[in-house]
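Just one chain follows, in the form predicted alone, and it is written as structure tokens.
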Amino acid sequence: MSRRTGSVLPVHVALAAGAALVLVPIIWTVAAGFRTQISLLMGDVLFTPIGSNFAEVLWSKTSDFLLNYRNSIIVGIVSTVLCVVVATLAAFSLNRMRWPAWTVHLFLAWTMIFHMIPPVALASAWFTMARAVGLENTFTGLILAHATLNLPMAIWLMAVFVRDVPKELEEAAIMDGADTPHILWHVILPLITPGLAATSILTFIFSWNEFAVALTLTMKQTATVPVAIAKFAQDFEIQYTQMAASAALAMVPAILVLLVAQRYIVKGLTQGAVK
């Protein structure tokens, strides 16, 4: 074995182990959706695949999963657009406006502290405020909550992307008579498109997976997919196979988004790493 092969092999082994840690739970969940409850609880290695769990989740008269799926798509897309727009404007202001350095640092520190607060700690307070203004059990209330939860992460990401845009380009645009909206739309945004894509995808996935706030602010008509999955855990029975089937279906949008926009994610998240 050559010296180069010996140095590369541990890296490949570590990568394979990391991939297994990620893929094995996903494969197990998907496989559990094709099993019977008895087969799953008995731990049978070999089993006959069935599709009744997916049919029950999607088409049963007592299931609202398709409605919940639609709700998650609406909340995820709208909250992502709102969050990324506000984060982009905030990042532009922090990096290009003449704020004192201590103001920028204090603001970013506060966003980090807020992002560290567990969402469940905010859920009850947000429910009280939403009920006071008539936004409980509405898409508007949940969209605002999800946008608020994901805004700190989006601001930090967009701040890096905006910061790396050469100021000379903006100065040239100013000399040509461009105003601030023109500079932001025609100079900044085209250069940070990969960053916008990466931030949007991460924000959408976090919104799609959020559970605690959605459980608190929604009811049957506005419940999202994570809330729907939790309903399979009842007082006297946990429907493991139907829960697994719904979890497998819940993975589809995130996987499709990641596959379609993979190169934007990698390019966006590494854009600020190397100058």
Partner chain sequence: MAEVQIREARKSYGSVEVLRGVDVDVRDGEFVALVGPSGCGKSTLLRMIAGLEGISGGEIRIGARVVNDIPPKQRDVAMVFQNYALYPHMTVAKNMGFSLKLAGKPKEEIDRRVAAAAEILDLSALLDRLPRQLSGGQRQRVAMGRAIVRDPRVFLFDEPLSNLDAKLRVQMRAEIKALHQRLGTTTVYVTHDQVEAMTMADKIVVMRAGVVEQVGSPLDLYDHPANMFVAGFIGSPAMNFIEGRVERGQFIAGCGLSVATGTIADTARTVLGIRPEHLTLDPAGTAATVVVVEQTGSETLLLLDMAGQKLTYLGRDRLHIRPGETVHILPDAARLHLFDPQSGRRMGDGPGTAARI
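In this text the structure is predicted, and so the values were computed from the model without any measurement. Positions refer to the first chain, counted from 1.
The same protein also has a form predicted in complex with the partner chain, omitted here; what follows describes it.
J.: Do Gly134 and the partner chain share at least one heavy atom pair within 4.5 Å in the predicted complex?
T.: Contact check for Gly134: no, nothing within 4.5 Å of the partner chain in the predicted complex.
J.: Just to confirm, Val104 within 4.5 Å of the partner chain in the predicted complex by heavy atoms?
T.: It does not: once the partner chain is placed as it appears in the predicted complex, Val104 has no heavy atom within 4.5 Å of it.
J.: Does Leu144 make contact with the partner chain in the predicted complex, using a 4.5 Å heavy atom cut-off?
T.: Leu144: no, not in contact with the partner chain in the predicted complex.
J.: Can any non-hydrogen atom of His186 be found within 4.5 angstroms of the partner chain in the predicted complex?
T.: His186: yes, in contact with the partner chain in the predicted complex.
J.: Looking at Ile74, Ala90, Leu191, Ala123, which has any heavy atom no more than 4.5 Å from the partner chain in the predicted complex?
T.: It is Leu191.
J.: Looking at Ile174, Met97, Met129, Ile113, which has any heavy atom no more than 4.5 Å from the partner chain in the predicted complex?
T.: When the partner chain is considered in the predicted complex, the option within 4.5 Å is Ile174.
J.: At 4.5 Å between heavy atoms, only one of the stretches 81-89, 178-186, 151-159, 104-112 reaches the partner chain in the predicted complex; which one is it?
T.: Heavy atoms within 4.5 Å of the partner chain in the predicted complex occur in 178-186.
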